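Shown below, as structure tokens, is a lone chain in the form predicted alone; questions about how it binds or moves come after it.
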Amino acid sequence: MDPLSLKKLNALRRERRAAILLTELTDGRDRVIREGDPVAGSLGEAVARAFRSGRSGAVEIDGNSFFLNVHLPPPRLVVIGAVHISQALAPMARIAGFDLTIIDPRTAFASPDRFPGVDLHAEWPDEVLKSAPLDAYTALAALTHDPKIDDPAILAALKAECFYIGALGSRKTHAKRVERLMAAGAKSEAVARIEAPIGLDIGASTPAEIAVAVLGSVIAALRSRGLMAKDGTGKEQAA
């Protein structure tokens, strides 16, 4: 590897930014591609797929062989609310490979006994997020139903362009939430990204089922980053 490429990769890792080390297999030359860098043609399509899947591998493009070594930041899931859904979600998120943080200033809920082994903060979200800011490889799930707790975290997630933002509550509850967020300065196109009611529409009713629906939405958002599908679902379209 070119020492300059290694230096760039290490810098991007520290910044929690995604990158691909692209190596031309015919001559060994390599270069670093950051997520969002323009790459034209079929190679650009292969690079975009690799960023979404997170899988490294070799590709053949126009008679040339390349190896795409993908470096993605570990995905994070920040949950606002130490509630029953969060208790079910915590082990599922770990199994799925997410670094999980749960934040809730209500000490009666945010107790280590209820969340053993979890990165748990019995503090207000804005205080926690000062030292551990959100980013594009973080998902946020707001589950308290309390605007004083949820809204500041959602605003921070919108500003950080988190890859997923979801909030518990009915459509009527969310309509009031949208009014508050807009009054706080959020843009309409950003607010439209919030999934509410939260989670995949699988008819979930119990806390564990809702946790499954939430994690499904988070995974779908992670694997469809930057994908603009014609049907609006975030799924890749057949040629």
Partner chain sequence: MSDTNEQFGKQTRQDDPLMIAEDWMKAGRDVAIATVVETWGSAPRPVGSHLVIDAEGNFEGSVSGGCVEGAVVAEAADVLAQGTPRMLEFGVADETAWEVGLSCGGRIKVFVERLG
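Positions refer to the first chain, counted from 1. Note that this is a predicted model, so its numbers are computed, not measured.
A second form of this protein, the form predicted together with its partner chain, is not displayed here; the remarks below concern that form.
- Checked against its partner chain in the model of the complex, the candidates 173, 56, 64, 206 yield a single residue with a heavy atom inside 4.5 Å, and that residue is 56.
- When its partner chain is considered in the model of the complex, only one residue from 147, 91, 133, 97 comes within 4.5 Å through any heavy atom, namely 97.
- Heavy atoms within 4.5 Å of its partner chain in the model of the complex are found in exactly one of 26 to 34, 41 to 49, 178 to 186, 191 to 199, that being 26 to 34.
- Among heavy atoms of residue 9, some come within 4.5 Å of its partner chain in the model of the complex.
- Residue contact with its partner chain in the model of the complex: residue 215 places no heavy atom within 4.5 Å of it.
- Though the partner is left out of this view, residue 72 does reach within 4.5 Å of its partner chain in the model of the complex, counting heavy atoms only.
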